[in-house]
Ligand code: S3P
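For reference, the chain that follows is the form predicted alone, supplied as structure tokens.
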Amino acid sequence: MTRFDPSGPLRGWLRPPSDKSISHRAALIAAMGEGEIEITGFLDAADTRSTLAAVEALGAGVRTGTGSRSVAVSMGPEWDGPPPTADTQDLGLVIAIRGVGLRGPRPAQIDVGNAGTLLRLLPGWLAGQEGGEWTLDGDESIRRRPVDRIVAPLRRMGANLHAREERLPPLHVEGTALHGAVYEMPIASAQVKSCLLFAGLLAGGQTRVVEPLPSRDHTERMLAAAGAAIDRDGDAVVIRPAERLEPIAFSVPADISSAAFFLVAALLVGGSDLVLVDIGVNPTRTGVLAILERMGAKIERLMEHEVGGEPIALLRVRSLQRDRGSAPLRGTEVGGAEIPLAIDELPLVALAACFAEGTTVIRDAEELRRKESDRIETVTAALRALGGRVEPTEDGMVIEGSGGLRGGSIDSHGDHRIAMLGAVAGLASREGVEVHGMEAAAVSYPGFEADLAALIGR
């Protein structure tokens, strides 16, 4: 159990950990290539270490350089100037990967650990490797995460896969010849889309993945940069088979999903003034910024530029306080096209809504039930335990803002985002929050507690 007491303001600057989604994809696409490429800023966390171990098991060479995690610096209550430059910071791991080629992975038993992204992306590449066999398994949590959403469309392409009870890991993949297909996704999911695009690289004919709503597009950007024949056609992504990939060096920006915990903390804790450095602001990932701004937040984007096709910026956020003349947060409705652009940050939107005036409704977010935990249920239970007025629905939740949270005790249920949500809630609560299972944060953010403490001067 870890306790987080009400705190003073968060002040200073921080480069959060590198982007988890991009790190996973960079390692996998590098392994599909030929020759050695370098990935700078690779996230050093349990999930991404699982991906490195997986590509090694498939025959890729992996060399790891120095550097590991984020750096936080408290600037003191008098700070009101520009942030230090990003080049003064530790920007993550430097990884060199020697690929096995698009058709070169060797048979293996793959331990995905707790990495749901790895579990859902990797079978797309393996399914078209004729004559090979692989089994993907993981920890207790991963064995509760369904894989039927990739099994069903891959089978349409001719894949031979077997799952426990037809929907749960372990997942056994027998490589075979694939054919292109058209698949209309019932729910927008970047993981399912990416899996099918990987399969399409090895399939006969073109593969067309139709999205009901746009989802994060890191896979498309990276595959295009590696020479794949991939195009956007209206609401569909179309990919054609490839003989080989030639990935270029990747530079991974800081993860907006990790940054969001500090954005919300700074909004809710009085007197906060925080700059987040080197944040990836890909428009398919910034739904949380639009939602928070609609609720009344003032978030400045500074020094916007692109690295490797990914837009990057500094984000400056200051708390909203009645006694200094700022408007409080207000309730809002979140649904439709916004959901896939903010799916990982919706628990934080629910937390912020507890401090807002009025009602917040989150709908069309059934995907939350398929994350590391059923996040509709776990978020509802956690916020209720802290004094929030939250009702779950089939595809989201309804939050009645009460201007704050009392505090109390929550269980992370092994979900890294619920653990970190509890920490942020504790800082902004009246009585503090005890988080059971705080160690789950290491899945995506091993240094989270240390960074939080540095920014509040503890």
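Residues carry their position along the shown sequence, with the first being 1. All values reported here derive from a predicted model rather than from experimental measurement.
The form predicted together with the named molecule is left out here; the points below concern that form.
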| item | value |
| --- | --- |
| Selected contact from L102, A188, A203, A297, since only one has a non-hydrogen atom within 4.5 angstroms of the named molecule in the model of the complex | A188 |
| Contacting member of T117, T286, Q129, S319, with respect to the named molecule in the model of the complex [4.5 Å, heavy atom] | T117 |
| Residue contact check: D344 to the named molecule in the model of the complex, 4.5 Å heavy atom | yes |
| Proximity of R221 to the named molecule in the model of the complex, heavy atoms at 4.5 Å | no |
| R11 within 4.5 Å of the named molecule in the model of the complex, heavy atoms | no |
| is_contact(S21, the named molecule) in the model of the complex, heavy atom dist at most 4.5 Å | yes |
| Residue stretch of 188-196, 226-234, 380-388, 161-169 approaching the named molecule in the model of the complex, non-hydrogen atom distance within 4.5 Å | 188-196 |
| Residues of stretch 124-157 in contact with the named molecule in the model of the complex (4.5 Å, non-hydrogen atom) | R149 |
